[in-house]
Ligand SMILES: CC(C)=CC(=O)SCCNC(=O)CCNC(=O)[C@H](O)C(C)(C)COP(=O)(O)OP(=O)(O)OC[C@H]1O[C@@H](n2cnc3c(N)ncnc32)[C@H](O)[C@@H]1OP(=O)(O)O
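Next up is one chain by itself, shown in structure tokens, the form predicted on its own.
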Amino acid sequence: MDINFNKNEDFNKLQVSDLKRKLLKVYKGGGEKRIEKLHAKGKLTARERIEYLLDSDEKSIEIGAFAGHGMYEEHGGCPSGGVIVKIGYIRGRQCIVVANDATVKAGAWFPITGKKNLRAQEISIENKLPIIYLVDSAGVYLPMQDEIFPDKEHFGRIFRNNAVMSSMGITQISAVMGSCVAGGAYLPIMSDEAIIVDKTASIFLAGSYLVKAAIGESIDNETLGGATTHSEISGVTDYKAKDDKDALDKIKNIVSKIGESSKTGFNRIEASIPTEKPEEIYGILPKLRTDQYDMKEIIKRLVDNSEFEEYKEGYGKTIICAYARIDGWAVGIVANQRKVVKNAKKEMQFGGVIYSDSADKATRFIANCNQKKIPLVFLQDVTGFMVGSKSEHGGIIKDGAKMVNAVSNSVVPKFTVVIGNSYGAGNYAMCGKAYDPRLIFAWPSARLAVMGGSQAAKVLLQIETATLKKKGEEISEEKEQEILKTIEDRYDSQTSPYYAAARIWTDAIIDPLNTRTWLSMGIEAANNAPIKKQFNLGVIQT
């Protein structure tokens, strides 16, 4: 191994250590004191509930752990968006679990909480996964009610989805394990079955104080909407549990009896581990996002037996298209090649840039995978499409549009791994969030933006200095550098993978060594949802 490999390895391992350190802080939710308060009431935390519910000998993946990261600081923060979402196994059945974190503002809903819940339902709908809601929430966070209440993708959309999911035959089970108030009371009751925990849980449209204010009735919360009331008088809930674990055991028993659904039939054989060491990814991936590396070496450390069959190997070399297997599943890989290559005319092509021939190749490959019912995996490290007169005259926009069209109309499930850069229209063509990947997740090395930092900073600098000059201000070279530094710092923070994950532009930031698990579990989930549409590119420019 050369010195650059060692430097890269040290840097990337530090990045992963930083990721794990941040996650440990996130896992504490609202902090130790609030966790202790929950325990004193005989309640488990959201994470403890999920851990008890999921099969201990199976893998799980967490969606949106960094939701709300660095946001709402003026309101005390919102770790994980105040709700924990995991895909795992209950009695061997793959499910998605959504649990309110009562240590974060009593489980109140921030805007990002609503977005994260909707993402969980989207995953359930797309993959026909049973969904379990562990409810413990004080309802909408009132200081921000205008940002979560009335719009299409706000709080109310969740109940609309409950109804639609029920009509689709997707199993929904709710356990009310704490507060469940106002509009939020509809979620568990719109589920197929609802469980309520005695003494610690309650459901009502209005609590005792509001009832007193509204109609003058004096009543305590337990009598108004406790477990006995709803299990024996109103009939709102289906089961009464003595404590958290009893409620979770009831969910396990219900899930264990769900019948098998029809499968899509994606090809899978016995899994094999890569023959090339996956941990070498740390040394291959460069420290600087502008440096070159061979994406094929990354692919070898992700796929079974480190084997793949490359499609049109000698054509369109800045995109790699290949058939491979990941944990036994057949996949079609579309990956940006990050090293400088030569085309058939001996012309140099920049790594990470999509040229016309690369877009043309990828479009055809995506169509082939759709015809063969092979899931697609996109490995992003893209700076965009090639610019300049030669590219424009050659029809780069037309060829890029074909690729975007193919990605948009693809009916096989798509999965996106943001390895490095994810800039501009390259993000779109390589199946960014707007193009409905079943899962999209990033490595700590990822960067998401409309363009690269240095280019963007220079453009913004020109705009800002021109504005200041119009106001009659003199801009010295020193002042210009100061402005540039401010712009670069701001832009750099906005391109961080943590900034993207906080807003759920990606589902997670993961250790590269966990990539195979995420992809395998994602394809297994997708295999529950038979494909009913035909692949059709529609009208495209030829």
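All residue numbers are counted from 1 along the displayed sequence. All values reported here derive from a predicted model rather than from experimental measurement.
FYI, the form predicted together with the ligand isn't displayed, but the following is about it.
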- prompt: Pick from 393-401, 234-242, 315-323, 133-141: which stretch has a heavy atom within 4.5 Å of the ligand in the predicted bound form?
  reply: 133-141
field: Phe155, heavy atom within 4.5 angstroms of the ligand in the predicted bound form
entry: yes
- prompt: Does any heavy atom of Lys37 come within 4.5 Å of a heavy atom of the ligand in the predicted bound form?
  reply: yes
- prompt: Hey, in the predicted bound form, does Lys105 get a heavy atom within 4.5 angstroms of the ligand?
  reply: yes
query: Quick one: is Lys33 in contact with the ligand in the predicted bound form, heavy atoms, 4.5 Å cut-off?
result: no
- prompt: Taking the ligand in the predicted bound form as the reference, which of Ile299, Met71, Leu448, Ala182 has a non-hydrogen atom within 4.5 Å?
  reply: Ala182
field: Residues from 38-58 in contact with the ligand (non-hydrogen atom within 4.5 Å) in the predicted bound form
entry: Lys41
